[in-house]
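Okay, here we've got a single chain as structure tokens, the form predicted alone, with questions on binding and movement later.
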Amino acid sequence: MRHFTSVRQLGELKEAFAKAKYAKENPFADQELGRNRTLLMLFFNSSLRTRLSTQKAAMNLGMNVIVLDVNQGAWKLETERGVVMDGDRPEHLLEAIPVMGCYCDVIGVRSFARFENREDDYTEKILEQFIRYSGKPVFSMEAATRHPLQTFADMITIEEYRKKERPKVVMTWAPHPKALPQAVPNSFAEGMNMMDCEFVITHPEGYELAPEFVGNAKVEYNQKKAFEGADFIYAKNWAAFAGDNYGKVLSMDRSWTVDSEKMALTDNAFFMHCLPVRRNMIVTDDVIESPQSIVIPEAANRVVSAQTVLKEILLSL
């Protein structure tokens, strides 16, 4: 594996889960693999779990780590070609990227959808420039359309907690006061379509995801009906995708908040969320604090997913 931008690059899932299990049980076994190698973690957007878990994973592998917050610790970057740079952005990404490549062996990039142009977002304009011009392996720490390290951690968590050979997994939209990217739900849907599960997506009308990510999932507009008999509930907000509504908040309907009444419709389902979560918007206090909430083990598996991926990248060098 040279680049990692989608969970589809994990290969055969049984083998990927075995590698993750090994990393979890033997976190320091491969420190020589990363010795004298440097990871550059580049953040265009805020981060807590991704920043900490990926840095921890790299350290477990013996790597040196450089963390750069583009918005606070660097020159403002111009990203478009053909622009007369007479504004407040004194450096162009096309010079910055190869320079960054000179200082490291692997690059992690976090760059969210901007909701300015759907084509730019869904062609991963920023991430693809790093892959093209850095000369180094690049992995996504959440891009415009996917968050593969999060999704791999989600898949590991479901594999660890499932009680049935083929569990029912429901991804539900929930209200949020801001427009959020589709990256996490897109990526989660992609991952669930790879796993042997009954996968259902539930959301209000107007919040349909891109068909290539929905895949074979059943789409159910009645949230309570979707929850019936579920083994895992994965809650997440996302902004509209289709047409002129791209990036817009169409609804903040609080009736979609995940609460105990809805969880009672499930088969004692586990509750999951990528975090951070807005309590009593996305999910009520009693649900996220219940014994069935596995958001903390899910977050802990972020180290495991990052370490598994980084090891594969290091093996390719």
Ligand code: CP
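Being a predicted model, the structure only gives us computed values, none of them experimental. Numbering starts at 1 and follows the sequence shown.
Here the subject shifts to the form predicted together with ligand CP, a form of this protein not shown in this document.
Could you spot which one of 266, 257, 50, 60 gets a heavy atom to within 4.5 Å of ligand CP in the predicted complex?
None of the others qualify; the residue that does is 50.
Taking ligand CP in the predicted complex as the reference, which of 275, 66, 33, 70 has a non-hydrogen atom within 4.5 Å?
Of the candidates 275, 66, 33, 70, 275 is the one lying within 4.5 Å of ligand CP in the predicted complex.
Considering non-hydrogen atoms and a 4.5 Å limit, does ligand CP approach residue 26 in the predicted complex?
Because no heavy atom of residue 26 falls inside 4.5 Å of ligand CP in the predicted complex, the answer is no.
Heavy atoms within 4.5 Å of ligand CP in the predicted complex: does residue 150 have any?
So residue 150 counts as contacting ligand CP.
Taking heavy atoms only, is residue 110 within 4.5 angstroms of ligand CP in the predicted complex?
Heavy-atom contact with ligand CP at 4.5 Å: present for residue 110.
With ligand CP left out here, work out from 249 to 257, 34 to 42, 288 to 296, 267 to 275 which stretch has heavy atoms within 4.5 Å of it in the predicted complex.
In the other structure, the partner sits against 267 to 275.
Suppose contact means any heavy atom within 4.5 Å; which members of 293 to 317 contact ligand CP in the predicted complex?
The stretch touches the partner through 302 alone.
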